[in-house]
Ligand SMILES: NC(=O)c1ccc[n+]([C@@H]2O[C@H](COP(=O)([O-])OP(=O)(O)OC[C@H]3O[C@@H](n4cnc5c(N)ncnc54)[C@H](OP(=O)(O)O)[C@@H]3O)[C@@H](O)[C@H]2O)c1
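Single chain ahead, written as structure tokens, the form predicted alone.
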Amino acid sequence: MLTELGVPSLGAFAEPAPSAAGQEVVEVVAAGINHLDLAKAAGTFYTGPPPLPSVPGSDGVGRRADGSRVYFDAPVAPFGSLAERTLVAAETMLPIPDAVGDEAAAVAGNAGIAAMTALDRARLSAGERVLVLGATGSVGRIAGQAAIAMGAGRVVAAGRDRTRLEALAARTGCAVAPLGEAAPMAAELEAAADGPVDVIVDPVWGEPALAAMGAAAQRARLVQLGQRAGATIELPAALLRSRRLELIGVSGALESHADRAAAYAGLMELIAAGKVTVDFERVPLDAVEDAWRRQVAGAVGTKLVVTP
């Protein structure tokens, strides 16, 4: 639980109980630790700090009283997903197909909805070139695989970890563009894509985003999802005008329930069909504090999924 802003600790918390019509207590069977959760617990997320005390965790897979499994991403405060049980409004729950396991359904949720929403907002068409920045992160890994499944002509995975990039390329067929200390020249990204890119999925911003825009085709679309490489850039107006670039901002917290449901359903279909795979490491609930610190330090090579 979270008693002060920062790192949560294991402890007893009040049992969740419905306080309004339509709320249900669900048994948590798997829950991811997301960058969103870290920011909320630190009080730096733009929606504001969480109530204290509270249970952190924004999404997971739960089992309802009738035994059915659901994905949830809006637990009722102060209850969160990193617990044995939590409180969820029934109307926000999403069904999970039998072909997808608990852990995959949980860890793919937050990142996968963002990735699928980005490709939808980009209006990806078959044959187009796609550049995924931060491709070794959770959003990037799913976005690259989903773009291939959706018929992209070529997908370039760009990131700083060459080893992970090469492993991703071997598994998915993406081309790769390693990022050094400084972002590569736009020409290098364009060469990796075999031409100017039509869609840019950007969870990082900063210098990589600026370089990606330099590799953009006419009427390319950049979908902005995060700022792990920098919160601001100096963007030349001529760069936007000369390529007639379209910048699209996406925030999962502001997407409608209907759009999130459609994105999640599409993602589950791809996972069930084996077209998108998600890697994860199981962590028991009693080790959540250590897992949280590992996530903060960036010492995690895959998604952590907490299993109470």
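All values derive from a computational prediction rather than experimental measurement. One-based numbering along the sequence shown.
Same protein, other form: the form predicted in complex with this ligand, not shown, and the subject of what follows.
### Query
Of 250, 270, 70, 41, which residue is found within 4.5 angstroms of this ligand in the model of the complex when only non-hydrogen atoms are counted?
Only one option qualifies, and that one is 250.
### Query
Of 147, 111, 106, 212, which residue is found within 4.5 angstroms of this ligand in the model of the complex when only non-hydrogen atoms are counted?
The residue from 147, 111, 106, 212 that makes the contact is 111.
### Message
Only one of these stretches, 232-240, 201-209, 72-80, 87-95, has heavy atoms within 4.5 Å of this ligand in the model of the complex; which one is it?
### Response
That would be stretch 201-209.
### Task
Using the partner position in the model of the complex, report whether residue 125 sits within 4.5 Å of this ligand, counting heavy atoms only.
Taking the distances in the model of the complex, the answer for residue 125 is no, it never comes within 4.5 Å of this ligand.
### Query
With the cut-off set at 4.5 Å between non-hydrogen atoms, does residue 197 touch this ligand in the model of the complex?
Heavy-atom contact with this ligand at 4.5 Å: absent for residue 197.
### 4.5 Å heavy atom contact, residue 136 and this ligand in the model of the complex
Answer yes; at least one heavy atom of residue 136 falls within 4.5 Å of this ligand in the model of the complex.
### Message
Can you tell me whether residue 171 touches this ligand? I mean in the model of the complex, with a 4.5 angstroms heavy atom cut-off.
### Response
Heavy-atom contact with this ligand at 4.5 Å: absent for residue 171.
### Message
Heavy atom within 4.5 Å of this ligand in the model of the complex: which residues of 221-237 meet that condition, in order?
### Response
Going through 221-237 in order - heavy atoms within 4.5 Å of this ligand in the model of the complex - the hits are 225, 226, 227, 228, 229.
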